[in-house]
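Presented below, as structure tokens, is a lone chain in the form predicted on its own.
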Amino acid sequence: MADLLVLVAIGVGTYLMRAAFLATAGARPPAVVTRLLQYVGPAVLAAIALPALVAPHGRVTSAETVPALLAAVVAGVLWRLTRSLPLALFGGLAAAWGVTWLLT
């Protein structure tokens, strides 16, 4: 019974959140909110990507974490230097493979 109540509460909450956006569709958010909304995308991306870098298979071990972190650093540096996304991705992939080969 408690599970059913939780599901109903989640359903009602979801409906109310969506209805609130529909009801205020014409209104403009305050300036502070508008200024802060530009940081939501990068924050969500970081929240999704960081656990995959720090604990790729659900646990933090040097054999799994070091290649992922090094690949991210190499890809970031290559992208900053060349502005070429394919080069950055393949460079990070090569770094991850190389470090994994060295550690195993």
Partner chain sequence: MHTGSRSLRAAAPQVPLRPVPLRPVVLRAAADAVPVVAAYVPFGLTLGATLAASGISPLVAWSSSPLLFGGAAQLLAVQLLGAGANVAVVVLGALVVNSRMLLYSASLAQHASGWSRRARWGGAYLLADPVYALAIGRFTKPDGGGDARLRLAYYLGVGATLWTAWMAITASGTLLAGVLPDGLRLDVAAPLTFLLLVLPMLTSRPAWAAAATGGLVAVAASGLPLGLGLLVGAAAGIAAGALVGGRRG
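Numbering follows the first chain given and starts at 1. Definition used throughout: the rigid core is the maximal C-alpha set that superposes within 1.5 Å between two forms. Just so it is clear, the structure is predicted and the values come from calculations on it, not from any experiment.
Another form exists, predicted in complex with the partner chain; not displayed. Remarks below refer to it.
Heavy atoms of L4 reach within 4.5 Å of the partner chain in the predicted bound form, making it an interface residue.
In the predicted bound form, at least one heavy atom of L89 sits within 4.5 Å of a heavy atom of the partner chain.
At the 4.5 Å threshold, heavy atoms of L93 reach the partner chain in the predicted bound form. A residue is said to contact a partner when one of its heavy atoms sits within 4.5 Å of a partner heavy atom; V8 meets this definition for the partner chain in the predicted bound form. Contacts to the partner chain in the predicted bound form (heavy atom within 4.5 Å) from stretch 56-90: H57, A63, E64, P67, A68, A71, A72, A75, G76, W79, L85, P86, A88, L89, F90. Relative to the superposed core, R80 undergoes a C-alpha shift smaller than 2 Å between this form and the one not shown. The two forms, fitted on the rigid core, differ between this form and the one not shown by 2 Å or more at the CA of T34.
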